[in-house]
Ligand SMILES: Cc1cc2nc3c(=O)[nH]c(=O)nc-3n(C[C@H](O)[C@H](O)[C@H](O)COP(=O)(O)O)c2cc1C
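Below, in structure tokens: the form predicted on its own, a single chain.
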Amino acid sequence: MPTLLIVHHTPSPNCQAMFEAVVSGATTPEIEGVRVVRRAALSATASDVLEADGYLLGTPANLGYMSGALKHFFDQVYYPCLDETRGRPFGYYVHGGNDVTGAVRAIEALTTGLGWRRATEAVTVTGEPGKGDVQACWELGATVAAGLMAGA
């Protein structure tokens, strides 16, 4: 059974709303045969990454960069997972107060270095997530999970 690993840092109600929508999309009943594992960024390990077949990442944009928690995750898993996870699909979402550019650039650089393949467009939100933003997060989760189901 393919495994989707959701690695997130969820320190605010806005990030929580986006995270819950991603999980809801990934676990919708129409997607069968995909195990969804959720890990806070500070507790996710290289073993979690190696055991997964695809990834969803979520972070706030803090001071123009991804959260320190997600950066810590990448610091811990980058080299142990570098050769073993190339080509695996991923998606991500970022929430910021007014700008997410630096966080997006950092995630893109790190996932490119890992050789991960973006499965769908990222969801980026500034300010309070609206109904369309929450729906986009749901679709993000569903799309990445469905891709794993199709590849099973």
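Being a predicted model, the structure only gives us computed values, none of them experimental. Quick note: we count residues from 1 along the sequence shown, nothing fancier.
One more form of this protein should be noted, the form predicted together with the named molecule, which is absent from this view; the next part is about it.
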property: Shown form pocket vs the named molecule in the predicted bound form, superposition, backbone/C-beta distance 2.4 Å; result: blocked
property: Which of 95 to 103, 50 to 58, 25 to 33, 110 to 118 lines the interface with the named molecule in the predicted bound form (heavy atom within 4.5 Å); result: 95 to 103
property: Close approach of residue 12 to the named molecule in the predicted bound form, 4.5 Å, heavy atom; result: yes
property: The named molecule contact in the predicted bound form: residue 85, any heavy atom under 4.5 Å; result: no
property: Residue contact check: residue 64 to the named molecule in the predicted bound form, 4.5 Å heavy atom; result: yes
property: Contact set, 27 to 45 vs the named molecule in the predicted bound form - heavy atom within 4.5 angstroms; result: none
